[in-house]
Structure formats: structure tokens, C-alpha cells
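Let's start with one chain on its own, the form predicted on its own, as C-alpha cells.
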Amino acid sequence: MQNASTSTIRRWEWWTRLAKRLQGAGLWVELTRNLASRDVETRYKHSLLGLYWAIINPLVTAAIFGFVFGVIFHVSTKPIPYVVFYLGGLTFWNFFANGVMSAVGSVSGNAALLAKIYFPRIVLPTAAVLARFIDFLFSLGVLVVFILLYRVPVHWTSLWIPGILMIQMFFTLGIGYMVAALNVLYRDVTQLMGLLLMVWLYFSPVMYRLSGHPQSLQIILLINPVGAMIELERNVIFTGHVLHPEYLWVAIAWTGFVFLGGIALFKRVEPLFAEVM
């Protein structure tokens, strides 16, 4: 009888602890959502055009590159118009690049907030990346408009986009955790990431297509997880099939490694935040 009573008490204690953890997790999720919303509001609060900048920036960039590569250099991406082809890569690239750059200063730029209240510091880079996802949704609307404008056929495999985006989200978060933690210790990480992303852009098939390049070069470009995901995202939208499915698994492996590694590095550096800041 006593053993049964002890077992019941233990089960009750376990359920109580689980309920408290779930409640705490819910609070951190709500905090992350609020911080992401605040990030977007702050970014565009005193801007005349506000969130329209999330549309204007990719629109102007696509127009410039479309003119330079499509009109002047006659880069062929048939049957897809070059401006649609480029915008298809730029939209997904910008989510990654802008998410990483926002995450860099997410911790070091919130010293006052960190001094006031305690919360898991990893919420800050997470909220920064999620805020750029909101920008991405507006840019995605621009891509849809151009697809309709040029009457480019879209395949049913576009339904895979949310799944691929989830992989890209976790990869971006992993990089974001790393650079956010390192930027607290070394403030030149911001400048370094700006240069690295510029090089990374040219090693990703954003403004050019892979077909026509030597096989060895294609392998190098597709080992790059961001390049593989952008190529995959553009393929499922415009061609209806995946040209290099094996590199999806490479991208997933990279994503798992980077995401878990980013969390581990952030947790390792986190105790030093108070000393440095």
C-alpha cells in the first residue's frame, strides 16, 4: 500500500515538473514572438515607407541585376526570364543573409535589457532571425507578383517549399547563435560576417544557374548548404523536380551540425556575457 502511494506521489511530482517546464517554455515562446515583433516595428518605425522597404529592396536589386545580366550580358536562363530566375534565388538568399546579420548584434545590442531582467539569452538571436522571416514573407509576395507578371508556370512541387524553408530556418538559427555569441567577445565579427556573406553569395547559385558548369564545380557549389537549398527551392518552383536530390541530405546534415553546434557554442559563451558587457 505504501509503495503504491509513493509511486502515485512520484508520478504526480513528475507531472507537476513537466507542467512547469511547459509553462516556462510557453513564456519563452511568447517572449520570442514579442521581441521579433518589436524588432520589426523598431526597424521600420520612423521610416516613411515602413515595411514597404522589405519589398522595395529586392525589387530594385532584381531590376538592376536583371538589366545587367539579362540585357547587357545576355545571360540565358530560358525558359525562365532572368529577372524571375534571379529574384527566385535572391528572395531565399536574403532571408539567410539578413537573418544572420540581424543575429550578430542581437545580444551585444541589448545590454540594457539583459541588465534588467533574466531570460534565456538565446531568445535574442532567435527573435532576430524570426523578424527577418517576416521581411522574407513580404519579399516572397514580390516573387509571386513577378511570376504572375511574366506568366511563369509554377509546379505542384512548390508545396515542398515550407519543408525546405524549415531546414533553412534551422541552419540560419545555428549560424545566428554562433555569431551572436562570438560578437559579444569580439565586436569585429559583424564586419567579418559582412565580408563572408559577400563571398558566400557568389559561391551560391543565386545569380547564375548550375547547368553548363563543369561537374566538379557543381559539386563544390552544392556542398555549400545554402547553395543547395536555394537550388532546390528554385527547382521545385520552376522545374517540378529536383536535379540534385543527394545534396539535400548533405544540407540536412550540415543543418543538424550547425544548429546543435550553434546552441552548444552559445551556451558555452553565455556565462561570459555579464563580464564582457
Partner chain sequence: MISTLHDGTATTRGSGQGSLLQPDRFARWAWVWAYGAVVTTLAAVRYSLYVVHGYSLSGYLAAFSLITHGQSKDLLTNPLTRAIASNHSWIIWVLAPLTSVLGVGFLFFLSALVVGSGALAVYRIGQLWQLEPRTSAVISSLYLLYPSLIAANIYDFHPGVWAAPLLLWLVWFALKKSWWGFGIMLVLMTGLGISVAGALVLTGIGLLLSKKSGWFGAADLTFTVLYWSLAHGGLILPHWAWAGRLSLRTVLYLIWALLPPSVAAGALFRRRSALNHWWLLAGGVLAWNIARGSVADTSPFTDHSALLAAFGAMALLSCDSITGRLGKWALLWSSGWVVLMGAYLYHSTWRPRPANGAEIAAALSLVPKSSLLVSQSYILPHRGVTVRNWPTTVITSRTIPNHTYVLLNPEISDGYSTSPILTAWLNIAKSPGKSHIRYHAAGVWLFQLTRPLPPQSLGG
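All of these numbers come straight from a predicted model, not from anything done at the bench. Numbering follows the first chain given and starts at 1.
There is another form of the same protein, the form predicted in complex with its partner chain; it is not shown, and what comes next is about it.
The candidate spot formed by Arg38, Ala63 and Phe85 lies out of contact with its partner chain in the predicted complex, as no residue has a heavy atom within 4.5 Å of it.
Site annotation in the predicted complex: the residue of Leu31, Leu59, Val242, Ile252 reaching within 4.5 Å of its partner chain with a heavy atom is Ile252. Taking the partner from the other structure, its partner chain in the predicted complex has no heavy atom within 4.5 Å of any heavy atom of Val68. In the predicted complex, no heavy atom of Phe238 sits within 4.5 Å of its partner chain. The shortest heavy atom separation between Ser211 and its partner chain in the predicted complex exceeds 4.5 Å.
Proximity of Thr42 to its partner chain in the predicted complex: non-hydrogen atoms within 4.5 Å are absent; the residue sits far from the partner. Residues Ile219, Ile220, Ile223, His244, Glu246, Tyr247, Trp249, Val250, Ile252, Ala253, Trp254, Gly256, Phe257 of 219 to 257 are found to place at least one heavy atom within 4.5 Å of its partner chain in the predicted complex.
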